[in-house]
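One chain comes next, on its own, written as C-alpha cells: the form predicted on its own.
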Amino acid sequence: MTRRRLPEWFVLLLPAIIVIAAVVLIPLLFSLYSSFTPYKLTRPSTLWKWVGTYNYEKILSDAKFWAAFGRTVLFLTIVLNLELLFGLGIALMMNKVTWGQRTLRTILMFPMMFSPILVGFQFKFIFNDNIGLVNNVLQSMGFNVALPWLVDAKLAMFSIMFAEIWMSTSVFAILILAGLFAMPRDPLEAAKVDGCTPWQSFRHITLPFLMPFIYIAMTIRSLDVARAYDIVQIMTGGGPARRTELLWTLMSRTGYVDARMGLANAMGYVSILLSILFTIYFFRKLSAARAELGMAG
C-alpha cells in the first residue's frame, strides 16, 4: 500500500501558513471569541464566561461609541476629500514639470516615509500653545494671540486633520501622477484641435481616465484613516474631554485603561465592518469607473 505524499506546493507554503496562522489567524479567532465574553485584563477568569451578544448590544446603546463613530466618519470624509483635492492639484502641476521631475517625485514621497508616531510628535510641537511654531509665527506677524490648538475641541480636530493630510496627500499625488503618465495623448490632442478649453479637456477626458486611480487611492486611504490611532493618541490622547476621540482611540482606552478587553474587541469588529463597507463602496466605484472607461475606449 503506497503512502500519499503531500503536494510539493503545499510543502513549500507550509512555513508561511504556520506563520500566518500564529501571527494572524489565532489572535483573530481569540479576539472574536473574547468579544462574546466579559473578559477583563484584571480578571483573567472572565475569559471563560460566555455572555453572547451582550457586548455588541451594549455598544449599540453606548452614546460614547456612537459619538466616536460619528467623529471617525466625519474625520474620514474630510481628510479623504482634502487629500484627493491636494493630491490631484500636486499631480497636475508635477505633470507639467519638464526638468527635475524625478527629484520632485522623490521629495513628494518623504512625508509618507515618516512613522505616524513621529508625525504626531512633530505636529504636537508645531501646534503647542506656548512654544509651538504656529503661534510663534502668528505673534511675529503682529497677532497678539496664543491659540489653544490642542486644547480647544475644534482646533484640536483641525490640527489632527492637518497632520494626517500632510502625511498622506502624497499617496493620492503619486497614484494620480501614475495615471497621468499612463494616459494616451491622442484624445487630448484631438480635443485641442476641436477647440475644447483646458477645463473641458480635463473634465471630459482627463478626469474620467484618472477615476480608477483615484478610487484605488480612496480604497487604500479609507482603510488607513478608519484605523487612525497613532497621530490622535500622540497629539491629543482623544481629548479635550474626548472631543477628538475616534473609534480606535476609544478601543484603546476601553481595552487597556478600563481593562474591558472583551468590550474593546467587540468595538474592533464593529469598526472592521465600517472599513469593509467603505472598501466595498470604493471597489464598486472603481469597477464602474473602469467599465465606463472601457466603454469610452
Partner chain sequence: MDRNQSHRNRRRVLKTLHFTALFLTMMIICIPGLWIVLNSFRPTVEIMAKPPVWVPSFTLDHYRAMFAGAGEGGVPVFSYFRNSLIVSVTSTLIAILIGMSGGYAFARYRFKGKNGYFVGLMLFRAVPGVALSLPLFIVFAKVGIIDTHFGLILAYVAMNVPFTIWLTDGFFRQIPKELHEAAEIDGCTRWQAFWQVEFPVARSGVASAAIFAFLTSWNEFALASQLTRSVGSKTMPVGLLDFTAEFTINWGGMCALAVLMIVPALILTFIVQKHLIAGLTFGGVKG
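Numbering follows the first chain given and starts at 1. Note that the structure is a prediction, hence the values are computed from the model and not measured.
Not on display, but discussed next: the form predicted together with the partner chain.
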item	value
Answer option from 205, 118, 78, 155, heavy atom within 4.5 Å of the partner chain in the predicted complex	118
Non-hydrogen atom contact residue 68 with the partner chain in the predicted complex at 4.5 angstroms	no
Exercise: residue 288 in contact with the partner chain in the predicted complex, heavy atom 4.5 Å	no
The partner chain contact at residue 46 in the predicted complex, heavy atom, 4.5 Å	no
Contact flag, residue 52 vs the partner chain in the predicted complex, heavy atom cut 4.5 Å	no
Interface residues of 240 to 275 toward the partner chain, as seen in the predicted complex [heavy atoms, 4.5 Å]	248, 251, 252, 255, 256, 261, 264, 265, 268, 271, 272, 275
Sense of the change in Cα distance from residue 227 to residue 231 in the predicted complex - at least 3 Å versus the shown form	closer
Pair residue 116/residue 226, Cα separation in the predicted complex versus the displayed form, closer or farther by 3 angstroms or more	closer
